[in-house]
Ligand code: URA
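For reference, the chain that follows is the form predicted alone, supplied as structure tokens.
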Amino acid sequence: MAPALTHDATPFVPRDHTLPVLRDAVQRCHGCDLYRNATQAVFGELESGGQAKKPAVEIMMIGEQPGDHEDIEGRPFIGPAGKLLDECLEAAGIDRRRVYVTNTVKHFKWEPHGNVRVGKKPGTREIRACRPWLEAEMEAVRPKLIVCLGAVAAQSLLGADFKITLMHGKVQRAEGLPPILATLHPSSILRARSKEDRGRQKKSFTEDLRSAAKF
């Protein structure tokens, strides 16, 4: 029988906030009900970090949640949105190997559309439940700058009133956290209605990443 839900991941987060320990422990998290329909938890990743317990990184990028590809493979940002992110990071002059990428929520929340699993926005309770994992990651990687990809990540750290449309690309401050810069999520660019909209959003996204690089 599955344990009763606490709607808080705290009981499942180990005291040892090193990446290998956290990455193993997150697979046993039942802090909210999203684990029931997910293949696995998807923890953050630093491509060049190897098995370093507490690597120092320049930028920590936080998205919303794993997608279908990530849920299956167990790695963040490896689907279409991840490929676009890699492309824009290169254009902005940021070494992807020095960026720690993760998500606000570690399990894939989805609903069926025919034979396709389509991502569904995580709710406030799920975001709050998963926050202890994000805080443990911050402690482990000690980023100089956090880049929030999309409204879910930005509002989870900067408050529900934060508007990416008005404040994207500008460094923000929040008590107890490193400097934060918010921008679009690559998946929102891919969902743009027209080729022109997609091109405009991609340009804005890359400019925001250049601002992160300069910082």
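A quick note: this is a predicted structure, and the numbers were derived from the prediction, not measured. Numbers for residues come from their place in the sequence shown, where the first is 1.
Although it is not shown, the form predicted in complex with the ligand is what the next lines describe.
At the 4.5 Å threshold, heavy atoms of residue 66 reach the ligand in the predicted complex.
Within this chain, residue 172 is remote from the site of the ligand in the predicted complex, having no heavy atom within 4.5 Å.
Residue contact with the ligand in the predicted complex: residue 143 places no heavy atom within 4.5 Å of it.
Within 4.5 Å of any heavy atom of the ligand in the predicted complex lies no heavy atom of residue 155. Taken together, the three residues 70, 103 and 187 all lie with some non-hydrogen atom within 4.5 angstroms of the ligand in the predicted complex. Note on the partner interface in the predicted complex: the residue among 136, 81, 99, 88 having a heavy atom within 4.5 angstroms of the ligand is 81.
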